[in-house]
Every structure is written in C-alpha cells, then in structure tokens.
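Read the single chain below, which is given as structure tokens and is the form predicted alone.
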Amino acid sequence: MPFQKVQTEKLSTAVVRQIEELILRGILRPGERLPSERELSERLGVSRPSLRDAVAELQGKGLLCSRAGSGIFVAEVLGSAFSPALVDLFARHDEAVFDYLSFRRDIEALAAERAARLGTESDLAVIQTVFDRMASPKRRSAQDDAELDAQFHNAIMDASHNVVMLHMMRSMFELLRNGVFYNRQVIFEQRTSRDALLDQHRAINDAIQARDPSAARTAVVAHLDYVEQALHDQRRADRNARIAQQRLQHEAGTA
C-alpha cells in the first residue's frame, strides 16, 4: 500500500517552504532585504536557531545571500535569465530590439487577458494605483515616467498569476531598465508621446478593471504597436540628423 508514516515537519523546513513560495510568487523580489533576524523570527513565530537553519539552507540553494553589515537579501541572480555575453549581443544588434517588442506583444497580451480573468480585487487595485500615479498632473522627469511604465506592466504580469511568465518578464524588464534593448526615456521626452502613452495605458487599465479579456489584449497590442513605430521613427530621425550633419560639414569645408 502506498502509505507512509506522517512525520512532524521541522520548523526550519516550514520557514524554507514559506520563503521559497514568496520568492516563487514574486512577492519577495531580487535584491530585497529581509527583516532583521529578531523581527523575522517574531513574524514567523520560530526561534532564532530555527530561522538561522532555514536561512543557511536557502543560501545554500542560491535563493538568499548575505552582505556583511547589511543583512540577508533575496539573491540578485533570480532577476537575470541571460548570460552577460548574450546581454552584450542584444545591446549591439538592432534586430534584438524589434524581436523583443514582438515577444512582449505576445506575452503581455496574454498576461493582460489573464489579469482581466484571473486577477483578484487586490491585484486590480494595485494596477489602478500605479495608473493613478501615471495619470497624476504632477510634473515628472522622463526617467520617472519610464519607471512608472515598468511598474504598470509588472503589476499586470503579477495579476496574471503565472509564476514562470512573471519571472521571465521581470528579467526582460530589467534589461529594458538598463537600456539594453532601447532607452524608454526617449519615448517619454516628447509631450505628444507622453499623452498618447497615457491614453494607451488608460485603455489597458480600463479593460482590465472591467474584466474584459479581449479588450485588454487589444489595448496591449495597440500600445506596443505604437512603441514599435515610435522607435522606428526615432531611428529614422537619428539617421537623417547624421546625414544632415555630414552635409553641413561638407559644405562648410568647401566654402
């Protein structure tokens, strides 16, 4: 018979399982600092020795890391799915930029559909909160706008409740944040672009809040189509500016 004796679970094992689940679900993020040993042991209701055993096991698995004098952190390695060599290759080839946008269009359209269907009321409240910050008339830099943009898309990914999709896209957004694929700030530097992007994000948010999966997918596709065209236009403008500068230099040299 396929039965085994029930064994009492060690406290440290229960702690390991809980922290693993928080990391898996994206609640604890790469680089995030855990509470102090005293505070964490109180929150979990375990002794410090049991907590230390759990932390040591999680460090051995590469999920946590310690920094001298700073504490225990979720390992940064969780945020990168690509080797440095591949990241460098992405950064040096324009082909990767538009393949990245195509990939985002497919995955984020699916995530928005899932968020509209499966997102909890708390998930939708987070998305709404981030959008409200985006819609605030408060003056912000292009960098701050770009950060809010990333938070909005990450909140939708979280609400899709697919942990593989969540971690994969967080890794992709980290590359975007570091300017590997393109500089998001460029898109936010023109007032017309900022207004258009806000309207697009409003359409995505409205569809998700209305729990309309089809409209959510359509809004995401329209948004990323706009971003792709904006990047094509920017590259064309940069090329034209270089050519014009060459002409100017040539004319100045022959005058």
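Not measured: the values here are computed from a predicted model. We call the rigid core the largest set of C-alpha positions that still match within 1.5 Å between the two forms. Residue numbers run from 1 along the displayed sequence.
FYI, the form predicted in complex with the DNA isn't displayed, but the following is about it.
- Just one listed stretch, out of 35 to 43, 193 to 201, 217 to 225, 22 to 30, contacts the DNA in the predicted bound form at the 4.5 Å heavy atom level, and that stretch is 35 to 43.
- Contact check for Pro49: a heavy atom falls within 4.5 Å of the DNA in the predicted bound form.
- In the predicted bound form, Gln229 stays away from the DNA, with no heavy atom inside 4.5 Å.
- When contacts are judged by a 4.5 Å heavy atom cut-off, Leu110 does not count as touching the DNA in the predicted bound form.
- Contact annotation: Gly179 falls outside 4.5 Å of the DNA in the predicted bound form, judged by heavy atom distances.
- Contact with the DNA in the predicted bound form, judged by any heavy atom within 4.5 Å, is made by just one of Leu175, Ala146, Ile72, Val126: Ile72.
- Though the DNA is absent from this view, in the predicted bound form it lies within 4.5 Å of a heavy atom of just one residue from Arg17, Arg239, Arg247, Lys10, which is Lys10.
- Shown here without the DNA, the chain has no residue in 225 to 245 lying with a heavy atom within 4.5 Å of that partner in the predicted bound form.
- Relative to the superposed rigid core, Ser214 undergoes a CA displacement smaller than 2 Å between the shown form and the other one.
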